[in-house]
Structure formats: structure tokens, C-alpha cells
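A lone chain, given as C-alpha cells: the form predicted alone.
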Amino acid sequence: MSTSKGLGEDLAKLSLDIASRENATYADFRLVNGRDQIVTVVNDNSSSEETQSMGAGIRVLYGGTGWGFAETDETNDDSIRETTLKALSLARGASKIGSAVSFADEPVHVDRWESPVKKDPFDVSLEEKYRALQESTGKMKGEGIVVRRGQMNFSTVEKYFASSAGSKIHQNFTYSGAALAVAAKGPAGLQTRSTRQYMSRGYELIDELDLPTQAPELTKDALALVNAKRCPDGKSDIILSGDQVALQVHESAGHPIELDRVLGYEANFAGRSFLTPDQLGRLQYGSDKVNIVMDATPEHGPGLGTFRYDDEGVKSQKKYAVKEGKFVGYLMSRNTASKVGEARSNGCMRAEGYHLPIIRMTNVSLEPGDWNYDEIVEDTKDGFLMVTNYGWSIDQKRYNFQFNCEKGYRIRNGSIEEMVRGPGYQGITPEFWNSCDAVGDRKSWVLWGTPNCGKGQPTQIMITGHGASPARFRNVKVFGA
């Protein structure tokens, strides 16, 4: 993708000069240039889709009391001039009925950053991508197999940000990921096994995933599940695989710490949050084994939530949401930080493309514990191992939930024994996390990617990262789906 930095600089100057002449309190400009590719093989049918988009988003604060935002997919002088004036008009209108805006200070940043890439995915031919997927789905064939699916996703995103305060930030991102899924039909109906991973890396991630090697094991699992016994109902200790813990973090920790949900500014897609400000620093969200960080810094790893600066020019940081079980922090913006006594945002404003930035998860991760995975299993006398999410439900406060997994195993006397199908568990968020008494160590910790988190209205799809290792939870209500 050719750079659009020069275009961004020219258009930003035009926009910010107009905002300054019109006496805006503050303004910022983002030019976003994106390219996406999806390569798919379903059974023996191959397809691909590639899209490109470029546009600009302009925010204006007027009179210290009113915000306006406007966007355009036409990146010429006339369109940027018109879009800036539209944002100003909206801001002036809002200022007449608004109250004083608390906009947290942020140092001026003039910087450039790009995510690390060893192998540009767009330099790899479609033929090579098809071959890898066809080889993988080809190894899924067998009696009883009804669907075989493989998919790769690649994106590059170039962002140029400038603000009236003087920040000028140019960032380039590359994202890669792949998924396999196989479905079998038998006595227990349709059963599915899948694997997926997405990161801020190049095609080297696909090489490392080695999809053709994973395919036969997934197929074996799917065929075994159609004859496996249903997971029994009751209360039991459970061990969750790392990818399942990652989704548990996403749904019952990541979304409820979004401060706009907490304050009532956002209620779409499973609503508000039980983590109200009066509980900050007081609520025992989990056991002392539970440490959850909000960390977009490159040092955390190449996650889908990794960047150097967010979409309102705030430098990425590592902050705790939960520290030794205590609830201590939110995902914030410059506009909401003061609502919980913070002088500075922790850099969590993100937008899909050039749309309006809203508070989104970055990398929200459960830090590794000190348990070797084998030791967790050996220390479990009676319970279930549950692997890979199949479906979930959670209430409007992110408080009461249930999750279903693709497969499970009975654990007896520290040994993994027979497979069970349809394993599920349910609980109340703080009770569940307080039942956590073992978290896997760094060796079993993986920074998983969630490429399709929906929020807002109109909906914006965001990519997020969640580091997690396998973990054990005591006396949980389990059931068979």
C-alpha cells in the first residue's frame, strides 16, 4: 500500500487552519487508508475478496462545551473544507446546549510507528494462500464430515493524525489471521471443532500456525464428539483452555470496564455495566490470582489491540483493570477520565476506519500465574476441562452469563479421561472470578485475537487482543448443551 502521509499532512493543515480561524477550542484530523483481503475455502470451493478504503474523520470542540464530528471518503481539498465546516457547525450547535467539557491534557506527540512485519501478507500470492487452505481442508475429509472450512484474513491500515495542539502522528498496521472449522454429523447431531488466531503480524503468523498439521486433529475431535456422551449437569471444578479464558475476559471483564458504558453514554450490544464508579478500588472482582491489564503498548506483544497512539493522540499505556482481584481501573477517553478522578486518559479511543472514535478494548489480558498447565490438571481431583468457545449469552449489565464450549473432558484424580460433548458453564461475574484459584504460567500464555467485536450505533467492528493461559475455577455450575 503506497503511503498517504503526505496527503494526510496537507489535508490536516487545511482542516486545522479552518478550525483555528473559526475559533474552535480544539480540533483533530485523521486520515485512514485501509486494505483488506479475505481468502476462503469451503469444502472444495475457493473464493477471495479484496477491498480498499480511504477517508478522513474530523472532530471539533467549540466554546469548550460542544463537540462536532464529520467524516468523508473524498480526500480532496474541497471535501475536507466542507467536512471541517460541517463538524464546526455541529459543534457550535452542541455548544449552545452543552456544559463545560473536561478534556484531559495529553503531551504533544510528533512520531511515527509501525507494527513489526517479517513477511508482508499482500506480497504472498493468492495461489499460495489457496494451496495452504486447500491442503488443510483436504485433510478434513472423512465419513460423517459435512462441512470443511478454512479462511485467512489480512489487513493493512495507515493512519495520519494531527491535532490543533500540535501532535502529528503517522502509524502503519498490518494484521493477519486464519481459522479452520470442521463439522461432523452423527448420533449426537452436528458437532464442530475449530481453531483461529489473529495478530498484528505478517504472513509469518500463517506459516507458524501450520494449518495443515492442525486439520487432522480437529477432524478427529469432531468425529469423536458425535459419539461422545453429553456433559452432565451439576457443580464442578473446571479448567478452561487459554482461548476460552480469553473470551471470558473479553465478555465479562473487557466490556464492563468501558467507561462510556458505565456512564450511560453507550448501551448497545448487551448494554451497560455492573462496575459502577462507587466500586472502583473497593470491589473484590476476583481472587488474588486474578490480574487483568489494559495494555496497548508494543511491549505487551503483537496483539490486535496493540498501537503506539490511540485515535485521539494519546500514547499507549499499561494500566491494571484488576490487581490481585481488586477492581482498580477503566478503559477511558480524554473526555471521560475526569469522571473517575483521573488526570489523563489511558488511551482507549479507537475507531473503525475513519469513523468517530469511541472507547474500545485494547489488549485486555489476564496476566500469567505461576502454575504449570500439567500441574493444574494433576491437582484437580474431579472436574472438567473445557476447550474453545462455541457460544455464549450475557445479561445487560455483564453480570450473569453462560458459555458453551466445543469439547470437554472429564478429569478424575488428576488425569484427563473421556471426552464429553456440549460442555457449558454459567455464573455471576465476580463470583466466578473469585473462584479462580490457578492460572497457567507464561509458557502457556498466548495473546489471542478477537477480530469482530461489535459496539456502538451505528455499529463499529473493532479488533481486540486478549492474553490468557488456561485457568481453573472451583465449584462452578456446569451443564451439557
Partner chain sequence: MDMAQKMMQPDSLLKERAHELFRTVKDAAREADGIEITLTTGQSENLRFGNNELGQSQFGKSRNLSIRLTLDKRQARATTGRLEKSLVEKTVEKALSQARTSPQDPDHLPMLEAQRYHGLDRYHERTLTEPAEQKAAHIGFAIDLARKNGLLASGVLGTNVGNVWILNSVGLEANYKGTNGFYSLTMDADNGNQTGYALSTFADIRELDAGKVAETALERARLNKNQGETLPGKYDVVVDPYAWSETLFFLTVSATAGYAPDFGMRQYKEGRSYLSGRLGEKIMGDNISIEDDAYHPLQTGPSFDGEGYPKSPVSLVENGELRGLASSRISAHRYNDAKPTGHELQLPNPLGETPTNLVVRAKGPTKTVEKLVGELDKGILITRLWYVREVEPRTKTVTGMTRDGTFLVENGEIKKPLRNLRFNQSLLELFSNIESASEPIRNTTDFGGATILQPGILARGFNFTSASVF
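Positions refer to the first chain, counted from 1. Computed from a predicted structure; not experimentally measured.
Omitted here: the form predicted together with its partner chain. The next part is about that form.
Is residue 297 close enough to its partner chain in the predicted bound form to count, meaning some heavy atom within 4.5 Å? Because no heavy atom of residue 297 falls inside 4.5 Å of its partner chain in the predicted bound form, the answer is no.
Given that its partner chain is not shown alongside this chain, does residue 262 nevertheless sit within 4.5 Å of it in the predicted bound form, heavy atom to heavy atom? Yes.
Does its partner chain get within 4.5 angstroms of any non-hydrogen atom of residue 456 in the predicted bound form? Yes - in the predicted bound form, heavy atoms of residue 456 and its partner chain come within 4.5 Å of each other.
Is the gap between residue 147 and its partner chain in the predicted bound form 4.5 Å or less for some heavy atom pair? Close contact exists here: in the predicted bound form, residue 147 approaches its partner chain to within 4.5 Å, heavy atoms only.
Is every one of 211, 241 and 444 in contact with its partner chain in the predicted bound form, taking contact as a heavy atom within 4.5 Å? Heavy-atom distance to its partner chain in the predicted bound form: none of the three under 4.5 Å.
For the interface check, one of 163-171, 265-273, 103-111, 375-383 should have non-hydrogen atoms within 4.5 Å of its partner chain in the predicted bound form; which one? Heavy atoms within 4.5 Å of its partner chain in the predicted bound form occur in 265-273.
Exactly one residue in 73, 207, 123, 77 has a non-hydrogen atom within 4.5 Å of its partner chain in the predicted bound form; which is it? When its partner chain is considered in the predicted bound form, the option within 4.5 Å is 73.
With its partner chain left out of view, choose which of 289, 326, 185, 410 has a non-hydrogen atom within 4.5 angstroms of it in the predicted bound form. Selected option: 185.
Would you give me the residues of 129-145 that have any heavy atom within 4.5 Å of its partner chain in the predicted bound form, in order from first to last? Heavy-atom contacts to its partner chain in the predicted bound form: 130, 134.
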